[in-house]
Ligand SMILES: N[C@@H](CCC(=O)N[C@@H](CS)C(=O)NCC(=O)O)C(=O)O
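One chain follows as C-alpha cells, the form predicted on its own.
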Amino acid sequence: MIKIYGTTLSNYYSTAKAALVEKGLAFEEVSIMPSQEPEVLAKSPMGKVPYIEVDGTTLTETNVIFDYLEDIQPQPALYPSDPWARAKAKEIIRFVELYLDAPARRHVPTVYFGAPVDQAAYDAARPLLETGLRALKQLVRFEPYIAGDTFTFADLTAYFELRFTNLHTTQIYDWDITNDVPGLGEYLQMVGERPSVNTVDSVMQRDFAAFKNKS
C-alpha cells in the first residue's frame, strides 16, 4: 500500500492526497511536518512534504508523484492522452507552482504563524503575482476544466495552489485574485464540489482553522 507523508495543513499534501482519492488507490496517511531533521531528510532530501513510500522506497515532488500514479493506475486518466494536450496540462501545473504559489509562499510566516508582514516580501511578491496571473490568463481555458474538457492533474493543482495563493493575497494585500481572471471563481467552486476534492479540502480547512485557533 502507498504511504503518503505530510500534513493536512499543506496544500501540496492535499493536492497529492486528492490525486490518490481520485484514482481510487488505497493509501495510508503518515502525519509529519516538513523539516530538516535527519529522519525526514533520509526520506525527503529537501525535507519537504508530501512524499510517498512504496515498498520501503520514497518518492518526492508532487508533479512526479502525479506521473507515478498515472503509470500505476491509468484509469481514470488524469492526463490527456494526446501528447500536446498532456504537455499543456503540465505547463499549467508548472505555471501555477512557480509563478503563483511560490511568490505567495513568501507570506507563510504571516498567514500561518501570525508574524508581522515582511516588507521586503510584501514589495517583492506583488509584482511577481501580477505577472503570474497575466501569464495564467493566456493558458487557462475553463472548458469547463482548466486545460480543456477533461478533469486532470492540472485541476487538482489549480484548486489547491490557487486557493493557497488567494488566501495569502487576500490577507496581505486585500486582493482577491479570482477577480483578476474571468471565470476563475466559478471554476474553483465547481472543482471544489468534486467528491475527491471536497473530501480532502474539508479536512484541510478544518485542520487549518484548528491550527490558527491555537496560534
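All residue numbers refer to positions in the sequence shown, first residue = 1. Quick caveat: nothing in here was measured; it's all calculated off a predicted structure.
The same protein also exists as the form predicted in complex with the ligand; that form is not shown, yet it is the one meant from here on.
The three marked residues, P34, T62 and E97, each reach the ligand in the predicted bound form, with a heavy atom inside 4.5 Å. From the list 48-56, 22-30, 146-154, 176-184, the contact stretch for the ligand in the predicted bound form under a 4.5 Å heavy atom rule is 48-56. Interface membership of R105, defined by any non-hydrogen atom within 4.5 Å of the ligand in the predicted bound form, is confirmed. Using a 4.5 angstroms threshold between heavy atoms, S196 stays clear of the ligand in the predicted bound form.
Contacts to the ligand in the predicted bound form (heavy atom within 4.5 Å) from stretch 2-33: S10, N11, Y12.
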